[in-house]
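Next up is one chain by itself, shown in structure tokens, the form predicted on its own.
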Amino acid sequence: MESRNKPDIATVRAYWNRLPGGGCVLEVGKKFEVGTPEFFVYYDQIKKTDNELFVSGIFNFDQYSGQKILDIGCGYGWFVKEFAKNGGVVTGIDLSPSAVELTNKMLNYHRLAADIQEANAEQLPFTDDTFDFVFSNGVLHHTPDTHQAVNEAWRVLKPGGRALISLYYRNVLLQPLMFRITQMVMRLLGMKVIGRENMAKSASVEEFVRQYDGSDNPIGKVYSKKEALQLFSKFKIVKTELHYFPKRFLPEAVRRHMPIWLHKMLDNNLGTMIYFDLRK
């Protein structure tokens, strides 16, 4: 939901310039220097074994060869890399110059090419009807005017083109009563995620979600399905899916014994992100 007293775009840019890529960079950056080959390899492992383990089937990386793709909020460039290596003509934009630099390092490491630009999702520097596919994964809930950013995604998409956009989701664990139980369980299990150590002490769901990408993250909005649907009123909605239950945040003893079927069930039912498969 939109905040009444939201930080401005300069504040958002400053935060993400310091931390391009968000929460995962907090974790991976503790192990390897950001932008090194070791960093990219470890980040790739997290993406494939946790973040995108059960959602990758809707990305369709291999179905856009030769087509013009826009990644809004490319971060450190993992999705740019995946689309580019499958033949997509990829443009990636990000609000922060650090993310542009990091994505270019990622591309150089993998010997791939894409057009990476510094730009604001609320004011995309492209003409109407430019792209075959517009993609934004876990980004638009971080900009002050999410509705405007969604409208921009619609504007630059070609008629009949596809968009895939995901936002933070108010799942059952973030409902009023369950939220307090969720926090209690986190405290009992001693769950402290790097860079987000105070989440279990959050005064509200909104405060809790804002910290998904770091304790100092200025904006991180959370949506019910009904609220999110209102953002996409210009689009034809093909389907929605829930995903991303971060197994790696659980205590090591729990992670080690969790079967993949249980992880998948949690991902599909308690996912922290809602994905919208859209057409113009």
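In this text, rigid core is short for the largest set of C-alphas that superpose within 1.5 Å between two forms. Residue indices: 1-based, along the sequence shown. Treat the numbers as computed from the prediction; the structure is a model and nothing was measured.
Missing here is the form predicted together with a small molecule; even so, the following discussion is about that form.
- In plain terms, the part of the chain that comes close to the small molecule in the model of the complex, with a heavy atom within 4.5 Å, is 141-149 out of 203-211, 173-181, 141-149, 84-92.
- Lys47 is the sole member of Lys47, Lys68, Lys225, Lys247 with a non-hydrogen atom lying within 4.5 angstroms of the small molecule in the model of the complex.
- A heavy atom within 4.5 Å of the small molecule in the model of the complex is found for exactly one of Leu164, Leu189, Ala119, Leu112: Ala119.
- Put simply, Ile9 is close to the small molecule in the model of the complex: some heavy atom of it is within 4.5 Å.
- In the model of the complex, the small molecule stays beyond 4.5 Å of every heavy atom belonging to Val134.
- Under a 4.5 angstroms non-hydrogen atom cutoff, the small molecule in the model of the complex has Phe79 among its neighbouring residues.
- The closest heavy atom approach of Met106 to the small molecule in the model of the complex falls outside 4.5 Å.
- Relative to the superposed core, Asn217 undergoes a Cα shift smaller than 2 Å between the shown form and the other one.
- The distance between the CA atoms of Lys201 and Asn51 is at least 3 Å longer in the model of the complex than in the form shown here.
- Shown here is a form in which the CA atoms of Gly57 and Asn51 lie at least 3 Å farther apart than they do in the model of the complex.
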